[in-house]
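What follows is one chain in structure tokens, specifically the form predicted alone.
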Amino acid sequence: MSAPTSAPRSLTGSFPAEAFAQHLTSLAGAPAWWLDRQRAAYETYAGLPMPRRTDESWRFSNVVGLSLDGFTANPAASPTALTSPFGTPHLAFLNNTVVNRNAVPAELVRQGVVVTTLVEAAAQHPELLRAHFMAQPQKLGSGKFAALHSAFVGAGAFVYVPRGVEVKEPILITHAAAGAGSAVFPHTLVVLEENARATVVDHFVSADDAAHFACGANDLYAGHGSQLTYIGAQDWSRTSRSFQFNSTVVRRDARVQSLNLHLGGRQARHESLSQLQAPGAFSEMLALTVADDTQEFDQRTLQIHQAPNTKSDLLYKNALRDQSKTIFSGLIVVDPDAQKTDAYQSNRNLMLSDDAEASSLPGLEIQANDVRCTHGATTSRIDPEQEFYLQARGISKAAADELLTFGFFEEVLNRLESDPLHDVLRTLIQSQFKK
């Protein structure tokens, strides 16, 4: 394949062709088809423009300060002890490098469960990677950054659960960044075969307070009759910029529950695409955000019903303090053949400050005539009577607001079947109020 396309630095920022060539060198030993795919992705990235304020998919977003300058695609990192509130990770990555592995139980290995890196999976499980890695086209506005991710991703995680196998304990993966100007490209690919069952947790965290650039993605594939629970907890440093792309494919009678917790980053954008491709498919899309100071959280979602008798349920809740800002833009699409669709979409914002800003744009695009689809958005303040009740009993205003915010979030957290995961997420949210 030809050399990477040359493009103006204004479009490639800190990721010019020279940095990409260095990245390819670091992947020595990777299969040729995998490197060719990355070269094609880089050409796409270099050829696409940066987002503009006039782009509908970037409506309400701050694109003026969106710059790729000042970040390093192949940062060196000193050994750092990484801990996770979720427990000991099966895979831990620091600055795109594996720094820790903990094998899955031998019994699961005998049953065919695989937890490894993307590069190793490209050599050992090429057909699965070809079929599922970034297989769904980006439809929510960040095609340039998704291509950047595909070009520079290296040591992401690959999780495979064979037909009929149940993994009872969560599979934990930590993605960390360290050092000023570090750029990281976390990725988790999960493939569940027919009637398999598993829980996967991604924890995204900064090892210091420096500014990082995180451009991550996950691909979730649930085969017929499988059940997948996915938790993504994002806690990058407060000066970091973050992009995260989620693609979920749900097959016949399968169920996927995904819950994303957004805490860190100066400016963070999360795009989530869920495709229900066969009858009986169910996708539950949940998110919780605690925004304060001048943080901006940009959430874009797309629920596509492509077959009859499918169901999706989206509930995104945001709590905003100080001068923070959240954006939610969601769309439910029902294809002509997707009769008996049952789709729900709700964005709810709790305003804890007069200076915070929440923008919501829910939408429907229905091409079938026998469906039940509802969508909506609400923005409200804390009930002053509830706040007064707590303060009258000696609880400070800050503590009262925290308690009422937890009450607001419990509707989402209570949907998790796992009490330990519920407790960890609650602790992470609580830590946000202590900063």
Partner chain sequence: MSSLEIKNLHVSIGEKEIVKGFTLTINSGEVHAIMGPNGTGKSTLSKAIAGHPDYKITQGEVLVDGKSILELEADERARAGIFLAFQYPSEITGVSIANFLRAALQARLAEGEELDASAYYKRLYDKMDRLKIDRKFTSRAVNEGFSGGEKKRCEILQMAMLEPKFALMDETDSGLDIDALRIVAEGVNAMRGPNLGVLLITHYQRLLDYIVPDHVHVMYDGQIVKSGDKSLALELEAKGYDWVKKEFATASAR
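Residue numbers count along the first chain shown, from 1. What you see is a predicted model; the values in this text were computed from it and never measured.
Just so it is clear, the following notes concern the form predicted together with the partner chain, a form of the same protein that is not shown.
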property	result
Partner contact for Phe388 in the predicted complex: the partner chain, 4.5 angstroms, heavy atom	yes
Partner contact for Ala392 in the predicted complex: the partner chain, 4.5 angstroms, heavy atom	yes
Partner contact for Gly407 in the predicted complex: the partner chain, 4.5 angstroms, heavy atom	yes
Heavy atom of Leu403 within 4.5 Å of the partner chain in the predicted complex	yes
Candidate stretches 63 to 71, 45 to 53, 25 to 33, 379 to 387 - the one whose heavy atoms come within 4.5 Å of the partner chain in the predicted complex	379 to 387
